[in-house]
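First, one chain by itself in structure tokens, the form predicted on its own.
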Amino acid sequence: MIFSSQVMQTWSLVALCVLLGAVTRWGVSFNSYSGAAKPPMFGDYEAQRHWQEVTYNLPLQQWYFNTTDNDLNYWGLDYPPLTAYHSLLCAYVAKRINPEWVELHTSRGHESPAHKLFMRASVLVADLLIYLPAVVLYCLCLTDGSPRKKVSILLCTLLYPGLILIDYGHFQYNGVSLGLALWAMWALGLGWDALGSMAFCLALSYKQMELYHALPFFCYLLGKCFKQGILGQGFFLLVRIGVTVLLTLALCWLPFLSDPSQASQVLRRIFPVARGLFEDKVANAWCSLNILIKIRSILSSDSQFYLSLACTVLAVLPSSVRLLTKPTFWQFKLALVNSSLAFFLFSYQVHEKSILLASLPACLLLSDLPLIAIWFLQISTFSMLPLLLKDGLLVPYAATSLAFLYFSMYLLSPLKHCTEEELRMGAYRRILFFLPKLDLGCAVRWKFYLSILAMAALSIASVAVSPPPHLPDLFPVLISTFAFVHFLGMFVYFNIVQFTEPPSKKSQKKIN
């Protein structure tokens, strides 16, 4: 009876967390969105609506091609097929509610309170079906500690402001691809490798940016096959995973595989090399370097592409090799952070929103490295501030950021768990041997305080202070550079942790 009572109490708290997460998301959805009342291109909200218009009214063979009815210069479809199928499904629902919402040509730029309600609800439904259940199951099944700790991490993950502000403010469906990726991580954590492979292929077929996570999945599964014996049980595991991957991708891409020109056009659309090295003020290496060296003026587009490719491979290689030779779930979680950060910092054509791909695996470290994970999640939200201000999302940005900071600091008590040992900073102690009296845990704590204060100051200044006329982008540049320094430092930190610290017993999952 006592056990049953504890289980009921835990699930009651889980339901309360999910309800709070859903209410927070819906509360943010009442605010403005990308491109609201800004013709002629509007923004991502119109892009998602337009894809519904295109997929509903045009034959599948025209979805990715430039035609008289499908102007690719006006928010042409540039995501993989699963996104297109999702748009088509939403379009069928929209057509039944109000045909004007998806009418070919005449619906362009459509904005109305009823349509906004429909679009916002479509994001929430997708989250309720995919993202929120994945978070619940991961936190309950693969997070160590007491039921209270699991519920605390669940709430903090659900309240992560970056994802909420982009999906329910700016407007996108990132919860679908990230949710599918999390389902894959959950399955691998339980030893269900084929199911995990299928879920990740679905995530990759929804958004090509899931390539940020692809190398850790590949290296973890291949390393597991090698460890089990590539000429024995590991061989059969490799075959099972390979067949699952091929079948899943074939089913997702089947309508486009009959004609090679269709498949090649889809690939050209989802990998638009011609767009350039970076856009806007993104907190990665190239945008920060651009302050000192105008790299886009010095190098050709091809040279920029190959340079970013080389840097990305070099950055992600050490973590991937480490995971391949030591395929534990702890190493897998760290490799996910390191790989996604390497891609964000150094790859080609990165958007501000791409930091969400590094934020998801960072959420998985809230149990093991709470202070660093909270710090990373806070700075990742802050790095998107210029975009959020452009969309009129200052109030929800401030409210969700403060709420996340309060709940995470109160529930996880990270400042009580920041000794050198708990922060896994043994390697830093050896590097800084000439400072034997320096308390690294205390230094990290003070850096965290100063970082939070600096984020608050820059947030206020961005709204209250007018930049000099000759420096109109002063605050976006300061924000992106400030965030880049943090991301680079954390990238180094997570790599050092992955290489020098053995996984603790509570973090490591046995290979099944």
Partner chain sequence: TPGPKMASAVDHWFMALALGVSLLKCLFINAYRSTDFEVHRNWLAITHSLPVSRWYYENTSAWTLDYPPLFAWFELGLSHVGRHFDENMLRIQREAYHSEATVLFQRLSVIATDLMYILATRECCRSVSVQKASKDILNRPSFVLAVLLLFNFGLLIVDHIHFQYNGFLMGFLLLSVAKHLQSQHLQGALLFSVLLNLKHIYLYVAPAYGVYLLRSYCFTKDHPDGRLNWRSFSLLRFFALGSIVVSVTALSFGPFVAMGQLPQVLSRLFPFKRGLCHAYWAPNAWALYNAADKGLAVLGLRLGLVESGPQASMTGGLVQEFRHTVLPSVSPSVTLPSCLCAVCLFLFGWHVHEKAVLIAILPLSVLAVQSREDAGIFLILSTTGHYSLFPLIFTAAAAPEVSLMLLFTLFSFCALTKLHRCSLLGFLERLYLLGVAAVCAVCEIVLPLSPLGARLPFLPLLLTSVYCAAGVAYCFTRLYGSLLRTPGHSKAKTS
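Positions refer to the first chain, counted from 1. A quick note: this is a predicted structure, and the numbers were derived from the prediction, not measured.
Here the subject shifts to the form predicted in complex with its partner chain, a form of this protein not shown in this document.
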query: Contact label in the model of the complex: V395 to its partner chain, heavy atom within 4.5 Å; finding: yes
query: Partner proximity in the model of the complex: Q9 to its partner chain, non-hydrogen atom cutoff 4.5 Å; finding: yes
query: Its partner chain contact in the model of the complex: F407, any heavy atom under 4.5 Å; finding: yes
query: P467, heavy atom within 4.5 angstroms of its partner chain in the model of the complex; finding: no
query: Interface stretch in the model of the complex with its partner chain - options 397-405, 359-367, 219-227, 254-262, non-hydrogen atom within 4.5 Å; finding: 397-405
query: Candidate from V273, L89, L389, L117 lying within 4.5 Å of its partner chain in the model of the complex - any heavy atom; finding: L117
query: In the model of the complex, the one of R240, H110, R148, R268 near its partner chain [non-hydrogen atom within 4.5 angstroms]; finding: R148
query: Triplet L289, I293 and S340 all within 4.5 Å of its partner chain in the model of the complex via a heavy atom; finding: no
